[in-house]
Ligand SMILES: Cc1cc2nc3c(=O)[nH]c(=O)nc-3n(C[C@H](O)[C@H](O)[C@H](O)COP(=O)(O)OP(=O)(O)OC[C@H]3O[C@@H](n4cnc5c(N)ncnc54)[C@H](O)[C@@H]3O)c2cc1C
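The chain below stands alone and is given as structure tokens, in the form predicted alone.
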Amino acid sequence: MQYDVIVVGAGNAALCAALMAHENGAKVLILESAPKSARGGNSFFSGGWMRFTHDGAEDLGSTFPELALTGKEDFDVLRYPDNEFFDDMASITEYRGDPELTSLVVKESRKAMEWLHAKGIRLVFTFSKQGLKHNKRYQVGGGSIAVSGGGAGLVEKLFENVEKTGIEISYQTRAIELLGIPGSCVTGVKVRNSKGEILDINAHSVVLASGGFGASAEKRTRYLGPGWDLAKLRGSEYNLGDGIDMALAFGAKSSGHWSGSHAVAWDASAPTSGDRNRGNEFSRNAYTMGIMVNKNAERFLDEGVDYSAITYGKIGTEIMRQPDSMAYQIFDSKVLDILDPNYNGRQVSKITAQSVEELAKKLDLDPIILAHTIANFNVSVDESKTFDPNCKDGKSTIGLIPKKSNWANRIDEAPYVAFPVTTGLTFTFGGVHVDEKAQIIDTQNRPIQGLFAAGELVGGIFYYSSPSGAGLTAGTVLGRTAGHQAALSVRNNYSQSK
């Protein structure tokens, strides 16, 4: 069997790569280890947030008509220029992210969104990660726009496009080895198909886009650390790190934050891997509006250091460090009506009580310690500032460790409500090194001919955390880049052979 381009994986980045390669004249095969009923990778389970540059309301409305503000007089759309997107990426990764790859993601983000839009993907404003509302008006900036239908809507629309083109998809086909000369050039992929047969599939170029290693308990423990084998997955159980393993065995250079991941506060009752019927419903990102305590009934972080859209990706790591990897988000009646809709979803783990002592008993926490924790928090709140849930209000605690920098509202009005949470792993950060053409680089810093990568298995973009929407955007940008360059590599090979 001979193809121009083989794409390994079937999430957002992989589908973008396949479509782009096809648009550039390549005969493409997609290899998906999951069955058709479980296709879409981690992208399917995401909230669908996309972060991209734009010049404000008129600019957005002219390109994406569904975002036009006609009849939405309570909206102010803030510009989100290249430098602001880049600065957000730089600060959240503590300036460790690869500047060239980050620049590529930023500069190509708008073009990538226009490309998706041309394929029928529609956008919506979203505020479920803490809408910025100031003087009764929503302020929309980076990270406040999502794909209609979330991650599931995104990948299903991409699959529609793939199927219209006639691109071949082979389900339940696991790529196990790259063919060719390691460290030099790739000539195809060895696979195990649904019948258990081992086959060699030849191709001029290969794009690896099969995700990180988040679904491998062994790799999570090896790279992320003790206890991570017990973490719950937000997404696919098929992201076992196969693409990374194959690339490294073929001489690829590793890159990125191998001990880091995007991990969020996740409902403690959630299943061990993603639920396709409930998607992102288990996320608990309104911790900024209350406090979070561990099993010792003690606070362990600054819940209000920044908007949840910025900090949510590292909250899961903080929870993982607590006893039994558990925590409890606690709110009082003053803020219950501003928690995002997920807090009122189906089968939510929720405990309500009329007193702090009663709440502690229901949570099996020490009532004396919890009462002391909340009392100390309450007396430290700076009452000279006004609580405003929709902007950084500067309402902080004074003299308390750990501090709460914003949204420090006393917890003193019944009913008291707690949500048990654990760590929900979104994706891992360690992977392979690629250049600005998405071409995989070998351990001698040379490109491997015909081998490209996109999506979560690319290392070097994210460290410590990632801002909302940046992951899907990076996957789209690098997927498009990898697909285009893989097709171009095929054309170059053809022209050289003549």
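One-based numbering along the sequence shown. Model, not experiment: these values are computed from the prediction.
Unshown form predicted in complex with the ligand; subsequent notes refer to it.
S.K.: Do heavy atoms from each of Glu32, Ser46 and Asn239 fall within 4.5 Å of the ligand in the model of the complex?
M.R.: Every residue of the candidate spot has a heavy atom within 4.5 Å of the ligand in the model of the complex.
S.K.: Considering non-hydrogen atoms and a 4.5 Å limit, does the ligand approach Ala175 in the model of the complex?
M.R.: Heavy-atom contact with the ligand at 4.5 Å: present for Ala175.
S.K.: Can you check whether Ala10 is within 4.5 Å of the ligand in the model of the complex, heavy atom basis?
M.R.: Yes, Ala10 lies within 4.5 Å of the ligand in the model of the complex.
S.K.: So in the model of the complex, does any heavy atom of Ser210 sit within 4.5 Å of the ligand?
M.R.: Contact check for Ser210: yes, within 4.5 Å of the ligand in the model of the complex.
S.K.: Even though the partner isn't displayed, in the model of the complex is Gly290 close enough to the ligand, meaning a heavy atom within 4.5 Å?
M.R.: Taking the distances in the model of the complex, the answer for Gly290 is no, it never comes within 4.5 Å of the ligand.
S.K.: Taking the partner as it appears in the model of the complex, which of 239-247, 217-225, 389-397, 330-338 has residues with heavy atoms within 4.5 Å of the ligand?
M.R.: Answer to the contact question: 239-247.
S.K.: Among Thr423, Ser144, Ser109, Asn280, which has at least one heavy atom within 4.5 Å of the ligand in the model of the complex?
M.R.: Of the candidates Thr423, Ser144, Ser109, Asn280, Asn280 is the one lying within 4.5 Å of the ligand in the model of the complex.
S.K.: Scan Ile448, Val432, Val28, Leu472 and let me know which has any heavy atom within 4.5 Å of the ligand in the model of the complex.
M.R.: By the 4.5 Å heavy-atom cutoff, the listed residue in contact is Leu472.
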